[in-house]
Each structure stands twice: as structure tokens, then as C-alpha cells.
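The data below hold one chain only, encoded as C-alpha cells and taken in the form predicted on its own.
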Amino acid sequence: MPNDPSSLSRRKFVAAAGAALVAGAAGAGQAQELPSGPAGRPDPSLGSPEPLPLDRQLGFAVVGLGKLALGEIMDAFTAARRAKVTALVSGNRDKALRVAARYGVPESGIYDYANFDRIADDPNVDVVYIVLPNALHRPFAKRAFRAGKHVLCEKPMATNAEDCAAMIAAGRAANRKLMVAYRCQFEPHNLTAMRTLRHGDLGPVRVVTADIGRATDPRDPADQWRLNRALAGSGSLFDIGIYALNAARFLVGEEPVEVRAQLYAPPNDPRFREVEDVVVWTMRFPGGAQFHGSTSYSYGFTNCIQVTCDRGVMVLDPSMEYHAQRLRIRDRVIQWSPIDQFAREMDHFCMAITDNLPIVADGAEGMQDVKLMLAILEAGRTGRTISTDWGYRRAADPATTVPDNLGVA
């Protein structure tokens, strides 16, 4: 029954049973073709850790019940091994009650934006997962830290570098952890691509190209705030172009030292009164690799990334979908069994909290992307080449930090 609090337990049991079958099959290989890692072993293995009992899993409060939360994140808790949903924060109480009934969240775990600070007194909440428009990330992260909770924040981390720095400082002051929800860094096709490049199977990376775009619909509430500069901070670059930017950085394994860009917004399209539409940009990496990419809010749907190396080509297409990624390395198609990326990232954060695992996508990583996107926009507005060699080095490489057996469902 959807309003039975034990329904979450049953769904987790079913998800765990299904994942166990996947784990058993993974020993025989879950991909059609596998690039060999050290000692010829497939990379990564899709085995699953033992799920923790519900009373040992960390409780999450989901802040914001929009399309992403209801379409992906809430169901991900049924696949997660270390995370459970224990609270909801919404400005619409009727909606929150319906969602709570479906996922077994008690009525006492329902908050609104005004009384959110009462979460400090809720022992069932360990982590606050912020799924709000970009400009609201800083205030809710600071409130969550003041309440003594850890914070997982959707990307982009914020609309400016100052907000990012304030979020990082608030986490340190509260002695709580901060992670940005870069789910693709935990996704098997992206991990396979990273690890293949790190092993040198294709030789040095020469060029990364990426085109990430979709058409926005101003009738859709989920797109309305994305076309509002005050809430979104920018247009397509901050929302979907960030996938190409972040992927280029984790595929090359370096940080860009300069960027160039061009911006375009159709003058008669009401969607782009406040935000840019097309952003085309290049980046130069210190080892010699080059990036060329574009993003748009008016493209026909595309999310393709290609890596050209001395000894072959790698293509991720689609590269950033919630499901059904596809990877080609030279002439080999690699298709991993479906997994829940949101469950994997939540489990990673839980292990970072409980087992002191390094956080792959910490606050510094989130701020780096925001600073780079702002540099790209500046380059587009001014026509100048912008130096980005400000010394950032990421603390943890996903290719080596994300465990091969991180919770699969």
C-alpha cells in the first residue's frame, strides 16, 4: 500500500535482490565489450556491497519536489544501499503529503521553506539534498549546515564564485561535509572512459569535442526558472553545458588554462530575453589537449562527447542521460547494465560521511566549474581569451577514487 511506512523497506528489499542478481552476473562481465585494465581485468566491475540495514542508513531530507526530484531522485532511494529518505521540504504541503505517502516518509518529516530550520531537531535527518533553483543553493546550504546536517547540492553549485566560497566556509564552520551532485562521475560508461584514458590505451588525448543541447519549453514550470537569470544565473551553459565542461576536465585529467567563447541568443525568441541560448567555446589544457564544445537551449536534443587520441577515438553518445548511456572505444561498443546514477552518488556521499571516503565532487570541484563557466561567459561577452590558470587541482580523481563495487542496482 502506498501509504504504508514499511513500503520503503519492501522496495529496498526488492531492489537489493535485483542488484544481487546483477552482482552475480557481473563476474562474467556486464558489458558487451570491455577495455582491459591492469592484468587484463574489466574496468569497472559492477559488483555491489552488502546493503546496510535501514536503521544504519543515513537519512536524507529532499529540499524541493520538482521534476528532477519526483522523476529521478525519490525512486533512487529504493536502489540506494546507504541512503534512505526521511524528510521532504516543499512549499506545497498537499504535494509533500502525497509524495510522503508514496515513499514511506512520516508526516512529522514534512517541512516547508519557512520552518525548514526546525530540521535541526530531527534526529532522522543526517543529510540535506538541495534540489532547488541555482540561486537558492547558498541560503539553504547555510541553513542546513547551521542545523548540523551534511549537504548534497545539485549542480551547478551556485550562480557565482562568492556563493560557492560561502557554502564551503559554512560547511567547514559546522564540521559537516559538502558534495555537489555530479552523477556522471559515478556512472559506469563515464568511469570506463576515464579509466581507459588513464591507462593510456588510446595514447594521449588530443581533442575533446562535445555538443550538449535541448529545446526549452517556457510552458513547463521546470524550464520557466531556467530562463530567469535571477534564479538560474545563466542559460544553457549553467544547466546542461556544465556536463560537457565537467566531462572534458575528468576525461583529460587536467584543468584548462585558457578559454575562448562566442554567445548567441535569437533576438526575437522570447525564451532568451534574459539568458543566452547558444554558447560555443574552446579550452586549452596544459598537456596540449584542446576542447571544442557547444551548448544550447534551442537545439534538437543532443548529448555527444568525442575524445580523439593518438591511437583511436572514443565516443560517449548519449553521454549524460539518466539511463541508457552508450560508449564506443575504437570499433567496440560498450554497454553496461542499467544502474541508478543518483543512488550511486548518494551512496558515495554516505560512505564519505561514515567511512571517511574522499569526496569525488566536493565544494572546491563545484566552485571550479562555476568559475570556469563565468570565464567562458566573460570570454563570449568581451571577445577576449580569458586565462583560467589559477592553480586549482582536484582533490580526488573519480577514475581512482570511486570504488568499483559502489552500490549498483
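Being a predicted model, the structure only gives us computed values, none of them experimental. In case it trips you up, residue 1 is the first one in the sequence shown, and so on.
The same protein also exists as the form predicted in complex with a small molecule; that form is not shown, yet it is the one meant from here on.
Visitor: Going by heavy atom distances of 4.5 angstroms or less, which of 126, 277, 154, 187 would be at the interface with the small molecule in the predicted bound form?
Guide: Of 126, 277, 154, 187, the residue with a heavy atom within 4.5 Å of the small molecule in the predicted bound form is 154.
Visitor: Please pick, from 285, 272, 264, 113, the one residue with any non-hydrogen atom lying within 4.5 angstroms of the small molecule in the predicted bound form.
Guide: Of 285, 272, 264, 113, the residue with a heavy atom within 4.5 Å of the small molecule in the predicted bound form is 113.
Visitor: Since the chain is shown here on its own, which stretch among 237-245, 143-151, 189-197, 323-331 would lie within 4.5 Å of the small molecule in the predicted bound form, judged by heavy atoms?
Guide: The contacting stretch is 237-245.
Visitor: Give a yes or no for residue 64: in the predicted bound form, does one of its heavy atoms lie within 4.5 Å of a heavy atom belonging to the small molecule?
Guide: Close contact exists here: in the predicted bound form, residue 64 approaches the small molecule to within 4.5 Å, heavy atoms only.
Visitor: So, residue 95 and the small molecule: in the predicted bound form, are they within 4.5 Å at any heavy atom pair?
Guide: Within the cut-off, so yes.
Visitor: Classify residue 181 as contacting or not contacting the small molecule in the predicted bound form by the rule of any non-hydrogen atom within 4.5 angstroms, answering yes or no.
Guide: It does: once the small molecule is placed as it appears in the predicted bound form, residue 181 has a heavy atom within 4.5 Å of it.
Visitor: Does any part of residue 226 reach within 4.5 Å of the small molecule in the predicted bound form? Heavy atoms only, please.
Guide: Residue-level check for residue 226: yes, a contact with the small molecule.
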